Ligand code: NAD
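For reference, the chain that follows is the form predicted alone, supplied as structure tokens.
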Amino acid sequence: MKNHKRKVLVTGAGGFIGHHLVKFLKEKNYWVRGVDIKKPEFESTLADEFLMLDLRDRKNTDTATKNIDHVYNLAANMGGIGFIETVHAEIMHDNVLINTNMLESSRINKVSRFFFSSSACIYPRYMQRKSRVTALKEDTAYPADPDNEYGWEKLFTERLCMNYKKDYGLDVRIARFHNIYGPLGTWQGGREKSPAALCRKIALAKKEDTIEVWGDGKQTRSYCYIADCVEGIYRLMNSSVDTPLNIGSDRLISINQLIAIIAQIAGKKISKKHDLSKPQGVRGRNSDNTLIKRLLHWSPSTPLEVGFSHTYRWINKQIQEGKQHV
């Protein structure tokens, strides 16, 4: 059954998740407006309309949300751990402006449903001090103690969304992303996240080589493949669930184990040089998927070995085609 051409807006449509989401929604036959301050870096957008707008300006969020049914708000100033642990005021300033403007313009323009992309960074540091960490349930966000300013801004915006629902009746959906990765994402330049950085380092390595690893490699994470992420966003947006939900894999893995998986995909023998002075984030973080399984009857399922095979081969292709910054 075809979609009746509901008009949707994807902000951050020039970024990694936003670009993939635009493609996904076009396949579902939605009319899509993409908005960002930049166009997608690695391929052309499929959006029916793509507007270059700075959403820190309220006039621009009014324009972006005009005649729109559903908003998928993914626009943010963000990057990997090296970025979000060194840039603080700029991240909070820009993202609070974007999100407050988007919510108010959505209210004024009578948007019927608003999706906000939150983050696992909202979870308390005191729950993430060990490698063998307890998976994070949605109701453990409080007492609040996010591990960085990016997390504080995301938690604030979650509360703002809930209050726009309470005070104005704006129908909101909130997802807490856990380390989304895949092809067509930033893989160099300082804003890339650990999956892309490790793929790049191994792709550039010789058949037998040593790569630099931030920290001792025993810190743990779970990683969610981009196809699962956009499927989860879509299922949440079309559900009746209006409280925050984790979207992430619940397979906990150390950085050292992840390097071994990528090295095997690459067919290389990789040794590690650990740099304990570099940003590492929390010691361990994993997604508890109990709630999403119960409420949506679904959870991310792409095996790491499959997702990283796609991701590594795409990044390696970029390097082979000479697209690495020198």
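These numbers were taken from a predicted model, which means no experiment stands behind them. One rule holds for the numbers: they count along the sequence shown, beginning at 1.
From this point on, the text means the form predicted in complex with this ligand, which you will not see here.
The candidate spot formed by L53, M78 and S118 is fully in contact with this ligand in the model of the complex: every one of the three has a heavy atom within 4.5 Å. Heavy atoms of G18 reach within 4.5 Å of this ligand in the model of the complex, making it an interface residue.
Put simply, G307 is far from this ligand in the model of the complex: not one heavy atom of it is within 4.5 Å. The closest non-hydrogen atom of Y234 lies beyond 4.5 Å of this ligand in the model of the complex. Taking the partner from elsewhere, N179 is found to have a heavy atom lying within 4.5 Å of this ligand in the model of the complex.
Looking at 118-126, 238-246, 105-113, 140-148, the stretch with residues near this ligand in the model of the complex, meaning non-hydrogen atoms within 4.5 angstroms, turns out to be 118-126. Of the residues given (K269, R58, K38, H274), K38 alone sits with a heavy atom within 4.5 Å of this ligand in the model of the complex. For the options I98, A196, V213, V230, the one in contact with this ligand in the model of the complex, meaning a heavy atom within 4.5 Å, is I98.
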